[in-house]
Ligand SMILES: Cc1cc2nc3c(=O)[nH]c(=O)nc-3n(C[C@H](O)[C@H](O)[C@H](O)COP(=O)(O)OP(=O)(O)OC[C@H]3O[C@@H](n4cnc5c(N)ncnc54)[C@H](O)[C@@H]3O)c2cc1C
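Just the one chain here, laid out as structure tokens, in the form predicted alone.
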Amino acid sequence: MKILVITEQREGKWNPVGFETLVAAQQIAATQTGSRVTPAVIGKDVRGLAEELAANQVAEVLLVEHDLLKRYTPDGFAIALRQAIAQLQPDLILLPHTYQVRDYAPKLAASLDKGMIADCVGYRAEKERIVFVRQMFQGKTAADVTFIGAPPWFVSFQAGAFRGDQVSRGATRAPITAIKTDLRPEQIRTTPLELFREAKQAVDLTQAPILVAVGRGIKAPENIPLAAKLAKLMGGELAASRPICDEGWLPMDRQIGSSGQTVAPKLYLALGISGAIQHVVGMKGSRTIVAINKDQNAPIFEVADYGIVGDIFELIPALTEALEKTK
């Protein structure tokens, strides 16, 4: 099986979710005899990024470069990647489920008259097929989905579904193959404007290695600075469950869950969070989950690596004091 992984970069900087998708590809390849994993990087002046990819355990790296790919457009990316697919002839095409992928991937798949299974959280290898797992109804249930018809098959994986730090490095550097891209200005039907910049107060929690999240157990907005101070001492970011953001105690960009951000930090400290499924689907991929809750039957303990049944208003000050002594 030939597996093509389409990575994502912006202005020469990686979107790390792409490496999570590369991990998925390597794991799937390990279940299929004779499989080859080939990542692709698309843009302009991105050979340096291709060199980085070549250090991983992959068969080769596709370099898809063109002047008209300097700025993202759905037309440009779809046309260029269709040409890369024609050259490689992959069976499976994996992508990270980002906003950009949501924009162009359906167009790319449709142009090849192929279907796409989007926003997957896992897979299961069977004898003659690979079954992909998608969450439904805000994570309340999961569906097994597989393809019918001839390849190539398109699949995108949700952020946090795999751990990017588990990517396998190669014993030798993989070769880099430049794709000859035929792209003309008249084929680009949109004009890229300035890149979207989030407001200063916004934060991308997916990039934080440590998250301290608060739930209803924080009781009142005036108690949130206690958690914020703890997060700062830990070198992390403050996050929240949906009720906290719905009440306006924290901005919506701090929300974790099915209607917020999906994260997979090294450490997730849940303070007074009960663990509703809508929240859990957004953080269950965290490497280590520590939960503190007074209710010993709170669902959050089912996904926690370490659980403490206790009062957060006793434990937060104790943790804060201990961290201050180390500074």
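From 1 onward, residues are counted along the sequence shown. Rigid core here is just the name for the largest C-alpha set that superposes within 1.5 Å across the two forms. As the structure is a computational prediction, the values presented were derived from the model and not from experiment.
The form predicted together with this ligand exists for this protein as well; it is not shown, and the discussion that follows is about that form.
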Sole residue of Ser259, Thr288, Gln32, Gln57 within 4.5 Å of this ligand in the model of the complex, by heavy atom = Ser259
Assert contact residue (this ligand, in the model of the complex, non-hydrogen atom within 4.5 Å, options Lys114, Arg102, Arg163, Arg71) equals Arg102
Only one of 241-249, 169-177, 227-235, 103-111 sits within 4.5 Å of this ligand in the model of the complex by heavy atom distance, namely 241-249
Arg216, heavy atom within 4.5 angstroms of this ligand in the model of the complex | yes
Can Trp14 be called a contact residue for this ligand in the model of the complex at 4.5 Å between heavy atoms?
-> no
Quick one: does Ile312 come within 4.5 Å of this ligand in the model of the complex, counting heavy atoms only?
-> yes
Partner contact for Gln255 in the model of the complex: this ligand, 4.5 angstroms, heavy atom | yes
Within 4.5 Å of this ligand in the model of the complex, all of Ile273, His279 and Asn293 (non-hydrogen atom) = yes
When you overlay the rigid core, is the Cα of Pro16 off by 2 Å or more between the shown form and the other one?
-> no
Any CA movement of 2 Å or more for Pro39 between the shown form and the other one, core superposed?
-> no
Yes/no, Ser258 Cα shift of 2 Å or more between the shown form and the other one with rigid core fixed = yes
Closer or farther: C-alpha pair Asp119/Gly282 in the model of the complex, relative to this form, given a change of 3 Å or more = farther
Cα-Cα trend for Gly260 and Arg10, given that in the model of the complex the distance shifts by 3 Å or more = closer
